[in-house]
Structure formats: structure tokens, C-alpha cells
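In C-alpha cells, one chain follows: the form predicted alone.
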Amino acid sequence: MAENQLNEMFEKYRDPRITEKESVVDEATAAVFLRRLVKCLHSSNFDRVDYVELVQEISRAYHLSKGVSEFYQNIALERRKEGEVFCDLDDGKGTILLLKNRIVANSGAVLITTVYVSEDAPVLSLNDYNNLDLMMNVIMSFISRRRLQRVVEQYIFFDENGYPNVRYYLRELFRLEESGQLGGMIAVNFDLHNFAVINMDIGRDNGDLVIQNYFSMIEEVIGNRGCICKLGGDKFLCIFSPDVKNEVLSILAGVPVAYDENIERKVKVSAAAGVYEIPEGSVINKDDVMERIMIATGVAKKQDEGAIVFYDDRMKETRERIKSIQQRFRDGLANGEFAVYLQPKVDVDTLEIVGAEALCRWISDGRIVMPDEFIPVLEQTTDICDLDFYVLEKVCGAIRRNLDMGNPDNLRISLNFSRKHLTNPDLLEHILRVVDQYKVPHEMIEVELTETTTDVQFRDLKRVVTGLKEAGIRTAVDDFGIGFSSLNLIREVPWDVLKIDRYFLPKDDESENSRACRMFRHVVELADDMGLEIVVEGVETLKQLEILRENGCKIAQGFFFDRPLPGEKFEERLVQRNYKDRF
């Protein structure tokens, strides 16, 4: 400290005991104290006990009674006294302020150190003050660095609500990997099941409390044998030793969680969890662990409430197959590998072909890839939307060619559109643009849409169907009877056609009074009464055809007549026109 600063300090505190007398601690001893202090504070193996003992030794030499350090992250928090205060020395006699230092770091953090003496303490010299000030600055520098490290760690490894984040988790995985302790541990990635519904039921503030309490349950079970972190929202990661496996998985499977102080109001919380039991002695790194728990979680999220799925290598093979399909899809589309097949729709009384459904087949490397191999994969992204419009263009092109050739056998063609389209606000305009580009009469196109799973999708579905109907394009509700909102779907949405799914169609060995037959009969009556055209899918036997006739169903589709046919085979079938040869 410069002499003028010391003089200002003396003036400020007006301590009459500051004199030019001989020093209490000689220069050599002060130098030793300083070297020991620097060595202690800058050691890679800092020991707080050694540090406190040294501070107390220095304080005894200078007859100090009390030492206080304060740390605030910024000046505003300093004003509100919201920070950390430490007192490593206090004999209860420190009533006189001896020295006070305050610094504001470039980061805005504020650090203050203050030392006090008793009334009967010996008077210090200016040299003593200089040496004490120098040692206090060394301590302040150390404390500032340590506190700022904690602030930085808090910022990097914790979220705004104080939860450890994914960086914290990865650091823990790395630590376990480096120490050879990763093998044998259990890693889990989990999402809370239907937590959006819980938030709606009890409010977001209570929902936050539920998450906090649920997190604490798992954290308490894991203890110091692992960690739990928050990815964000209702998504979490944890890793723990096998001896707490059953307790943790029990919580993930579903437990009541309180959200009031009296622990009276509770809600059941469960998770969709992907679990990876890391083999003992395995050569594996943190990236492998993350990949495997994410794969298992993806499988768990497709299952029921509280699903807990353990990773196995077959999941990785499935994941690689999915990635391969997604990567090959674009080239396949550009190279024309996707072919449109047509499955006839037949009048059950005349057995004449009255329409067809367009279905897609992928012909890759000389092999037909069946829809159940690639459609579910494309449904995971918006790739399915591109395929749907590809099929629409092919259908419209074929209809246009037939019209230009004067072919009288142009039938109404239906094609499927994924519910993924419902997030596209321009879907209606896009469909009409393609149909009109090929100058196809609107009544020759029928769009099939499946049942929705959310209120938002339902509103979008109603908007799209209404718009298509107004444009003269017919719409069909596909797979009717296997969803959970079927009745509301046909009450609220202005469909033209109801396609009854094959699972709703009675089997040959079921009696007329069976539950399946009675339900099928009433659904047909309901649809007919509402003016909906009925198409029954999956007709495979003569007995099922008779059931359709007995119940007044007009149109059938299924293997009893034909499987989906390539375009040229369908044209050949149209020459025959009907299926009377079957009888």
C-alpha cells in the first residue's frame, strides 16, 4: 500500500495508536509469514486446516482479535448484504477496527477483508500495517479466485434453478472413467411421464415443487454413490452404484410426490427411463454411455406409463438401421425408387372396382422394402411429409395422363397423409396447388387422415378437413375404431368417408350376437345415419364379405380381392373390371 493511501486510511479511521514506533513483528519474521502464506494458498493440495492455523499464528504475532472476509457476486448484492461472510478468527475481544480492504474485481465481484484488535492490544507501526496489508491482499486474491471459481462452476455446471446440468453429468462420467470406476455403475436417462398434464392440473408452481421433491428423492437414495442431473424441463440423467438400483428404479416406476408443506396433497409421478448397466471391466467411455441410455430411453418413451427399458445391443442395431433408412431416403426419392401401388376398392354387391387406395413401395437394390420397414422410421421426422407429397404428385400425374388419353375408367384415388402434416399451416394450400397443377378434377382425389392424439392436432385436423371439403376434395378418416377419440372425431369433423379398420371387422368364427358383431353393426348404422360413405379395410374371406352385405356396407378393400398392385397390373385388373370370377 502506498504511503499516501496509508495516510488517508489513518485519517479515515483516526486511530491514535498508529505511530512510528518499532514494529511488533520484525521484517524477517514478516517475510517468513508471507512466504508461508503464499505457499499455503497456492498449493495444489490446499488444506484449509493448515491455512486457519497459519492465520491464527499470524494473528497472534500481530495481536489481532478478529478477522472477517466477505464475498459478493456484485455491488447490488453487497448493498443488500446477500453474499458469503467468513470468520476464521474471533476471540471475542475485537472491538477496534484496525484495517479494512475492499476490492471490486473486473467481473464485478466485491471482496472485503477486515481485521480488529482489542482495546489493550499493543500499538502497531506503519511497517506492521504495510506487512499486514500485503498479507491481507494475498488472502483477498486467494479468496477472490476461489469464490469466482465457485461462481464459474455454478454457472457452468448448474442451471438457473440450482440443478446440476448435463456438463456436471459428463464431468462425473469422465471422473469415473479416468479412475476406472465406470464399469459396474448404472446409468439412466429418464423423462417424467405426462408431466405437462400434471402442470395443467396443479399449476406450474406446484409442478416445479413436484419436480424438486422427486429429484430430491432420487438424490437422497443415490447419496455420494453417483449423481442426478437435469437436462431441462422434465428430463434427467443419473448414474449410481448397483446397490441402490432397486430403490432408484422403484421411484422411476412411479411414486406419490407431495407438493405442500403438510405432505397432504400428492400426485403420482412416473418416468420413461432408459437404463444401461455398464459391464464390469468393460472398455467403455462416457460417449458410449450417453448413446446407449438415449437409445434405451427412445424405446421406453414409445411404451406405457412408467416404462423402464434396459439397453441391449439389438437396440443399437435397430438405431443403425433407422439411421441408414433416413440417410438413404433422400437419394431413393431423388432416384425414383418409390413406386405407387394401387389396391382396389370394390362394391360389395356388384363386385365392381369403384376406386383404389394409393400405397407406396420402396424398391431398393432390386428388393421391395415393405411399408412397415420404412414408414414408421419416416414418421419419426418430417420425411414422411415429403413422401406423401411425392405420392400425391405421382397419383395426379397418372390421372392426368389417363384423362388426356380419353380413358373412361378414371376412378377416385385415395391416399394417406400422415398426422405430421398437421403442424404445417399451409398444408391445405399445398395439396390444392399440386392437384391444380395437374388439372385433376378435385372429386377424383380423396385424402385419408388418421385419428389424432392431442387437442391441438384435433383442431388442426378439423381445419384441414373442412378446407378440403370446401374445395371439393373428399376426405376419409382412416383406421377408424382403433383410436381413443373416434366418436368425437366423426361428430366434430366433416368427413365424407369412414374407413373401418380391419381390427374392427368380426372374424369368421364369431356369432352374430358376439360383442364384435354387435359393435360393428352399430358403428355401421351410426356412420350411415350421419351420411358417411363406409369403406371396410382388411376383408380377407367370403364370410367377412357376407357380414358387410348383411350390415349394408357398400365398399370393401382387402386381400380377398387383391393385394396392392403395381400401376400396370392395376390397369390390367380394370380391363376385367369386376371380381365375379371369384364366385
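We number the residues from 1 along the sequence you see. Just so it is clear, the model here is predicted, and its values are computed rather than measured.
A second form of this protein, the form predicted in complex with a small molecule, is not displayed here; the remarks below concern that form.
Out of 129 to 137, 214 to 222, 367 to 375, 232 to 240, where are the residues with a heavy atom within 4.5 Å of the small molecule in the model of the complex? Single hit among the candidates: 367 to 375.
In the model of the complex, which of the listed residues (360, 110, 399, 353) lies with a heavy atom within 4.5 Å of the small molecule? The residue in contact is 360.
Check each of 288, 247, 448, 277 and return the one that places a heavy atom within 4.5 angstroms of the small molecule in the model of the complex. When the small molecule is considered in the model of the complex, the option within 4.5 Å is 448.
Interface membership of residue 418, the small molecule in the model of the complex, 4.5 Å heavy atom rule: Residue 418: yes, in contact with the small molecule in the model of the complex.
Close approach of residue 462 to the small molecule in the model of the complex, 4.5 Å, heavy atom: Result no; residue 462 lies far from the small molecule in the model of the complex.
Mark residue 540 yes when one of its heavy atoms lies within 4.5 Å of a heavy atom of the small molecule in the model of the complex, and no otherwise. Yes, residue 540 lies within 4.5 Å of the small molecule in the model of the complex.
Is it the case that residue 502, even though its partner is missing from this view, gets within 4.5 Å of the small molecule in the model of the complex, heavy atoms only? Residue 502 belongs to the contact set for the small molecule.
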